[in-house]
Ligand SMILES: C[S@@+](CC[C@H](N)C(=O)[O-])C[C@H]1O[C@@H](n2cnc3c(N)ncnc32)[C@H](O)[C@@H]1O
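Given as structure tokens, the chain that follows is alone and in the form predicted on its own.
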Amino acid sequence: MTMMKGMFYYPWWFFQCKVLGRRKPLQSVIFITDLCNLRCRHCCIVKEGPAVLTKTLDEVREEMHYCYDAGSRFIDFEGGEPHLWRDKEAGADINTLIDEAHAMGFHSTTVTTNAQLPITARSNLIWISLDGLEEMHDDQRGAGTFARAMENIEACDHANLNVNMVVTSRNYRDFEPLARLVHEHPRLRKLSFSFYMPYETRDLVVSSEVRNLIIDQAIELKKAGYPLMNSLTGLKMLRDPRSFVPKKQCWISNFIMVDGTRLACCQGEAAGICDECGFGMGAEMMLLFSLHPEMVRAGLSVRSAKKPAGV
């Protein structure tokens, strides 16, 4: 159904943006809560105490309408931990948002989770945050978190479970072992990774040498058939963000923060750190805007699993 809708919509979206010069997002990321059950070393989002914010169903619904009307057809729900989101007065949880997004007309929904709770989201796509194998993952996210995540992965029958890794100066040696785990695990489909971005501290930023090492490994693994989401061309561009930042098309994704702030592109621009971009999707969006066939195939492949039952 998503592909059928896209056959009509995506060419029209591309014509408006490429030919008419309009900036219409295709993907939206909505942060729905600061609540989280972890305190990860590299996180700059989660807050504690009175600073914690959680949106109501009406607030998220209004933001979804805004994104849809702006042109977006892919929507990602992020936190905090999205499985913790509730609007008790409305009797709503994460699946309420997913169901409403599909009813509204979004072609695909995504949830990013730390997998510390049973994975119950009925989104088309789920990203599970893993930062290496047990010792290193637990170093970044807390004792016992790796084992708990793997237990919840094993117990989940969702058809489209994928892994995202944030590569830091502490865990980079686990990139290849994690890629091997994803490759061999029967329930996991794809691996995506990004480099830690210095929003608040530089302690976890990788050196240029480590960055190139990881990219070299990623290229070799992808050539060997490992299920990396990133395209080969995008990986090569990621060596030096300045190769794509001047031509960036990051407005293809818009963001709504948990305090309601609406950003036309990722937070890196507002923070003034685009020249250090560690997000593989920065390069991939530039390739999408030139209809690079490798990137188009990569983007479609991660959303190609059958829609889970009940959606």
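In this text, residue numbers run from 1 along the sequence as written. What you see is a predicted model; the values in this text were computed from it and never measured.
The protein also exists as the form predicted in complex with the named molecule; that form is not presented, and the subsequent description refers to it.
Not displayed here, the named molecule is kept clear of C265 by more than 4.5 Å at the level of heavy atoms in the model of the complex. When contacts are judged by a 4.5 Å heavy atom cut-off, C43 counts as touching the named molecule in the model of the complex. The named molecule in the model of the complex comes within 4.5 Å of no heavy atom belonging to G132. Within 4.5 Å of some heavy atom of the named molecule in the model of the complex lies at least one heavy atom of C36. This chain is displayed without the named molecule, yet in the model of the complex the stretch 77-85 from 77-85, 170-178, 207-215, 230-238 comes within 4.5 Å of it by heavy atoms.
Between the options L221, C156, L188, V166, the residue in contact with the named molecule in the model of the complex by a heavy atom within 4.5 angstroms is V166.
The contact residue chosen from F255, Y68, F279, W251 relative to the named molecule in the model of the complex is F279, the criterion being a non-hydrogen atom within 4.5 angstroms. Annotation for 105-121: interface residues with the named molecule in the model of the complex are T112, T113, N114 [heavy atom within 4.5 Å].
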